[in-house]
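Take a look at this one chain, the form predicted on its own, written out in structure tokens.
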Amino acid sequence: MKSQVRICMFGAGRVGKNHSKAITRHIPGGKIVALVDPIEAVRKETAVEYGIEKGFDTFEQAVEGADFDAVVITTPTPTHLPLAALAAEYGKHIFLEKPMALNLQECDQIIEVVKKNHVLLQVGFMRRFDPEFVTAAQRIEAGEIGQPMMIKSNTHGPGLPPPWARDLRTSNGMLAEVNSHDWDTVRWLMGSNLERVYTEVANFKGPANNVDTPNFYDNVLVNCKFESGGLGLISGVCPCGYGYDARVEIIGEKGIMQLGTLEGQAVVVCTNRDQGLIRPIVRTWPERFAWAYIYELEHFVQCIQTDSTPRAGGSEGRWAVAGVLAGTKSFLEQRPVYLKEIIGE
């Protein structure tokens, strides 16, 4: 077994910092030996904060100047295919942040180049490693609430996505950048592929935030029908303003299961009877899923060490992208969309 996996980090922004922190402070089996980001100031800041000795503008420079086994890609979605393909061709294992790609053709190209070059691919669905979600999946599989009949999953984020992420010309919008985890979660916990979706969107806060992007929306609801006959609902709000909110409810033939809470800590304060009880809330996604991010990256390192298949791979990433594309097609064409229209027969 490989004693320590050497990692090249792609991206020094928010997600790059989050993953660099997880690896550096919590995963002794992995070591970040290089950081790639074309923005020098951001790259240097992250490198200093996490003790990364080598920094580069491009992947090609990193290959020439550092020796590493794997890459962690946290850059914007349009870069995922070219970076993943380049890494695979150099024989580097790949951790790829969600969403996997912009369309199914790109997903297929990533899967193919990974297979061709015999490297591992893990997609960043950290909820599959969150202790609460893992426990829920195990209890559902054990039949505790019976056959799942209905699932509701929401991701509400406090801040406005960056311009590239909210523009359908450069991304797949909030359904991809914010709700990718929900697409994976509902399929995973229902134990069934999606069959049909119908999407409604609304724009409440765009004008106040000076957003004039075509087809911009900050609220979305997706009604889902699964091949199993089950029903689902995905809810997205960004910006929501009140904090970070990721909760799931599963109703089975024998009972109900709820995951997540708005409360960030088990602390209650009361200073006067007029104000009442005050409870801390979850404010950010790194706070809510701190251990999930650690465990998913630990899993990636261990898979490389033991030559094992990652729990969340190309197939899971592809299905989530298919859901996003169907959901987007639905609201643009104002009709229900069957997944077979997206993935073919």
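One-based numbering along the sequence shown. Small disclaimer: the values here were computed from a predicted structure and weren't measured.
Another form exists, predicted in complex with a small molecule; not displayed. Remarks below refer to it.
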Which of 245 to 253, 198 to 206, 122 to 130, 183 to 191 sits within 4.5 Å of the small molecule in the predicted bound form, heavy atom basis: 122 to 130
Using heavy atoms and a 4.5 Å limit, would one call residue 325 a contact residue for the small molecule in the predicted bound form? no
Is residue 83 close enough to touch the small molecule in the predicted bound form, meaning at least one heavy atom pair within 4.5 Å? yes
Check whether residue 157 has any heavy atom within 4.5 Å of a heavy atom of the small molecule in the predicted bound form, and answer yes or no. no
Determine whether any heavy atom of residue 99 comes within 4.5 Å of a heavy atom of the small molecule in the predicted bound form, and answer yes or no. yes
Position in contact with the small molecule when the complex is considered in the predicted bound form, options 280, 28, 38, 65, heavy atoms within 4.5 Å: 38
Proximity to the small molecule in the predicted bound form, single hit among 285, 50, 295, 319 (heavy atom within 4.5 Å): 285
